[in-house]
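Shown here is one chain on its own, the form predicted alone, set out as structure tokens.
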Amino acid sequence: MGLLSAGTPLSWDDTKKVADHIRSHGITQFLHIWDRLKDKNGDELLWGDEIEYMVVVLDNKTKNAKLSLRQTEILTKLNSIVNNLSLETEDSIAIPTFHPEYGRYMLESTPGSPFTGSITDLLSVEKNMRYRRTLARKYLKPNEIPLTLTSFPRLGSPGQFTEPYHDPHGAVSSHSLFLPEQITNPHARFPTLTANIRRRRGSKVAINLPIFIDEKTPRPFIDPTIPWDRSIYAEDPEAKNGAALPDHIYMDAMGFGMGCCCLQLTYQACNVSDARRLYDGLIPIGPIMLALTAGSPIWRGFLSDVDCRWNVVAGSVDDRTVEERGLKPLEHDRFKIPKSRYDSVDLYISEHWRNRPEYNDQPVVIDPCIYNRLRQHGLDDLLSKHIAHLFIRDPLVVFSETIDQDDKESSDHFENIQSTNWQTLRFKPPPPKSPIGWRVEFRSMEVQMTDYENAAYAVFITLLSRAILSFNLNFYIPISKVDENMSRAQGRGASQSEKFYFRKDVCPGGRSPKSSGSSSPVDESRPKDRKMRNCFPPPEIPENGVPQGPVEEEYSEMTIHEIINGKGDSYPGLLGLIWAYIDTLDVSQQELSKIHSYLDLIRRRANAGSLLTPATWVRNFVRTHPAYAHDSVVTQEINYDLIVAVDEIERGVRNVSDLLPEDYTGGEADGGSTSP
């Protein structure tokens, strides 16, 4: 969501004038936080999720599913109810909270207060998610539904895809050929962000996804729904002049990416060192989870040849100029920048001895002045590079009332840059004047159709994060291979058909932890923990020194089945590592059964298609629909039936044994609760 400051937003020309001021004071603010809290230690595990919903209106007469643009009205009602519930309940019970998001049809929800390391909290996630959806559904209109779907299939298609209808001709911030201005949250931050990305870039964003070639798809595919000759805005000829590629689905606005929904998880670390270690440990996991959660094969009413949102969102906020993109020599801009500000992580940042320089094998663009300032202040090389890399970007939204701040009391200028670097992981310093510690946010996953699935992935990543720290697991591979994995993860059916680079030996000293009493690198004589710990001693350097063999021999290409479920005796798989960690916990049989249910979903999604990803299920639904003409077009009728089906799946009134386990019951049988 980012900073929702109140005030008067500056135009891009005025924002550019204060960019150096924002950057300089943002670094000052970070250094004040660093000086106060770099030695903060002993924080307990606190964690939480963010889930985004899209509110959809079902018109049964016309068989049309449309996005409801009532976000402001819905949030006003929901927040009033949440406030009343908070006053009426015990302090120990947290009431979920709802927040605005970029799309005027979107709601973001969080648990209300963080979960702890208790097993009870871990297993209350699904109930909490269900309660949030139940609460939202209760205060919607009878024909409105809250969907957790990554992308709306007919966003930007011809005809009416919003309620009420609005014409794209009035898209004054994006100048889009397809999306009306009213699709965007009316808070000044969002239209300003949209307009300033376009103005800074010097053109509209240009997103092109390969079309899925079906039996009757025209070749070449030249999109007949693009208004090629529109002449309202100066950028209108861009599509005709080459921005729209043949055999691709063309999108031209921030709303196509930032209007997507996802599942994000944030973990508080024991200290800054552990936060950096966890950040690095999860970097290679990002592409794997993107492929495994794939849920978005349809864009602007067409079946695409990709399954994920990632490149769409990256393209939707790509504010780089032609010089920064390397299309012209640098003359007016400072840097040539390889990626959008929404993309995969560029740098491992832990000072741990396992983080060999060879893993950071991609050149990282940094602001040398900021880097030198951080180094002179006493920060190490890697963290200085990380911050100096983020700060090559300009601020995109500045409010005139917030330009001058008390840098000891505020971190708004730092967050202005930090929060508009949207990467697979985010390293999050503590806010000023807050008990919150150093945190890591995991951001690559696509949201799933049901709360059961979203809870399963939350439990999986939470337990994996504990295994990483508890067993001192080593997932390092070169960053260039992580980038390649991100590219592969988005392809059609990637979770089943693709291979990914992954480390072969992830355990210290080659000792693979195994569940059920087998050899483990932790002290088996230690009593089992009833609570997931957060503070672990860092691994000691081996007696024979730090390994120095060729990095290329440390990883190989594996299927997601192998990465998740294991590969013979040499590699136990992520699930094997998690089960070994669970063996260190004091867990009841009932709790173990519930954990098994969640982890079995992950196992089956990874296991050669035993259960389909949402993207594959959606693609199959479209291709077997009676109205589908095998021409890659997802019509209004097909979209309506798909949205109805997704809602029925979530509620448990439609059985889909190829997507979910047979014993899935759904939200209609269980509305969830806030109690553990």
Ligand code: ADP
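Note that residue numbering begins at 1 and tracks the sequence as displayed. The structure displayed is predicted, hence computed values, not measured ones.
Here the subject shifts to the form predicted together with the ligand, a form of this protein not shown in this document.
Contact with the ligand in the predicted complex, judged by any heavy atom within 4.5 Å, is made by just one of R200, K77, H99, R325: H99. Checking F427, Y267, Y105, F414 against the ligand in the predicted complex, a heavy atom within 4.5 Å turns up for just one residue: Y267. Proximity of E50, I436 and R439 to the ligand in the predicted complex is complete: all three residues have a non-hydrogen atom within 4.5 angstroms. In plain terms, the part of the chain that comes close to the ligand in the predicted complex, with a heavy atom within 4.5 Å, is 259 to 267 out of 259 to 267, 551 to 559, 314 to 322, 351 to 359. Although the partner is absent here, P478 lies well away from the ligand in the predicted complex, with no heavy atom inside 4.5 Å.
Under a 4.5 angstroms non-hydrogen atom cutoff, the ligand in the predicted complex has T110 among its neighbouring residues. With a 4.5 Å cutoff on heavy atoms, V57 does not count as touching the ligand in the predicted complex; it lies far away. Heavy atoms of V644 never reach within 4.5 Å of the ligand in the predicted complex, leaving it off the interface.
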